[in-house]
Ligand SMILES: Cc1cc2nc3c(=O)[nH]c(=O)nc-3n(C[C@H](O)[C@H](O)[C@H](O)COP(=O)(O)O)c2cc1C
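What follows is a single chain, given as structure tokens, in the form predicted on its own.
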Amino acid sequence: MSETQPRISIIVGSARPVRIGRQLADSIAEALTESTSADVRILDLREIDLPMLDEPLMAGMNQYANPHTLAWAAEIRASDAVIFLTPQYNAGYPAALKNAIDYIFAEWQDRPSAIISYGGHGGPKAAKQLREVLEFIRMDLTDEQPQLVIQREDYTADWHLGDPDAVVARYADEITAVGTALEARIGALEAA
């Protein structure tokens, strides 16, 4: 945990070649940088490129063997709070995100966290499934859970967002509330 400026990491849960998650993450990071005192970082699962879980022992044993697992664990340990940014794919969240969660265990426990979902209906089913997993691994989840509805007119012809800042601006109050809640939980942990 940080003793100075808190670090909030946004995990981009989609690793598809054509996706809008990174565009949303960049805009959300900018909004949180303006509304919090946090150092906001983006952990893009496409860039991190974890292979399908290949650790020889289960994560709960906390005996990671692979360099990519050690690096991933270090990123999460360095984060005072985590935001899971997830799309909804076929009523669930992406396999890349589940894989990243399953790689480690102790690093997640009691870490302040939030879910921001997105999709044509805001991603409520993905958020619900993800929440169950995060509660099981004992993350400290906020009640704030923005669901960003992406409208057809938000997309360009190549399935990117024409103006991701405008999409995020529609949910500015909810995103600010996430940042405020995470900062409060970080502060409570540091005071304990």
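The shown structure was predicted, so the numbers you read here are calculated from the model rather than taken from an experiment. Just count from 1 along the sequence shown to find any residue number.
Beyond what is shown, the protein has a form predicted together with the ligand; the following relates to that form.
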| property | result |
| --- | --- |
| Triple contact flag Q5, R41 and W108 to the ligand in the predicted complex, non-hydrogen atom at 4.5 angstroms | no |
| Option touching the ligand, based on a heavy atom within 4.5 Å in the predicted complex, out of V168, I10, I20, L182 | I20 |
| 4.5 Å heavy atom contact, S113 to the ligand in the predicted complex | no |
| H121: touches the ligand in the predicted complex, heavy atom cutoff 4.5 angstroms | yes |
| Close approach of Y89 to the ligand in the predicted complex, 4.5 Å, heavy atom | yes |
| Proximity of F136 to the ligand in the predicted complex, heavy atoms at 4.5 Å | no |
